[in-house]
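Only one chain comes next, encoded as structure tokens, the form predicted alone.
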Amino acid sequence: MDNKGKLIVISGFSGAGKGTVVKGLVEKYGYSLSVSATTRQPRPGEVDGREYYFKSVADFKNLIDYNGFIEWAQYVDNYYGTPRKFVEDEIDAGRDVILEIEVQGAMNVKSQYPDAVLIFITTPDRNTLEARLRGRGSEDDATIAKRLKRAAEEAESIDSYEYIVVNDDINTCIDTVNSVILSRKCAKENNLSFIAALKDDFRR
């Protein structure tokens, strides 16, 4: 089989459980998780290199100039980006890397890495999503309304993803996403050099 790792992009509505799914994939199946860089200040308990790589604005902009990010964006007053070196080093070492990013970033990644696997995590319907957002108990009605409006916008881009996984049960969802990734790795087009080598082996 071809030895390079896969780049897996996971997006989903806020409240659909994508963060929990990603955490489960890392813990249960050993995927590498790309850690984003940011210019925002660390929150209590956050560790550089674990939650984020914390950068100065000057350092961040320097990396932009040197094409050091696969994708980056500015939210309010802070920059966020996906460091290119870590992702490419992991893939070259044969490890599968997960990026948990927004829809716009996902399209940017796909344009640079055409064989990246794009997976969208969703709830069964809008009512379930709203119930989960309210169930958190951490946000007011105005914030929940904003998140639902954002979800409606993101829903328009779902058909840009290759795989859609419904998070009805978290453990089933984690296993399903893993199965999707494995099936993609076994696809013929991802094993052309292996097939050629195998044919040569049998011809001898």
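Residue indices: 1-based, along the sequence shown. Bear in mind the structure is a predicted one, so any value in this text is a computation, not a measurement. Rigid core: the largest C-alpha set superposing within 1.5 Å between the two forms.
A second form of this protein, the form predicted together with a small molecule, is not displayed here; the remarks below concern that form.
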| item | value |
| --- | --- |
| E102: touches the small molecule in the predicted complex, heavy atom cutoff 4.5 angstroms | yes |
| Touches the small molecule in the predicted complex: S36 (any heavy atom, 4.5 Å) | yes |
| Non-hydrogen atom contact E71 with the small molecule in the predicted complex at 4.5 angstroms | yes |
| Partner proximity in the predicted complex: Y113 to the small molecule, non-hydrogen atom cutoff 4.5 Å | no |
| Core-aligned C-alpha movement of F86 between this form and the one not shown, 2 Å or more | no |
| Threshold 2 Å Cα movement between this form and the one not shown at T38, rigid core reference | yes |
| Core fit, then S179 C-alpha moves 2 Å or more between this form and the one not shown | no |
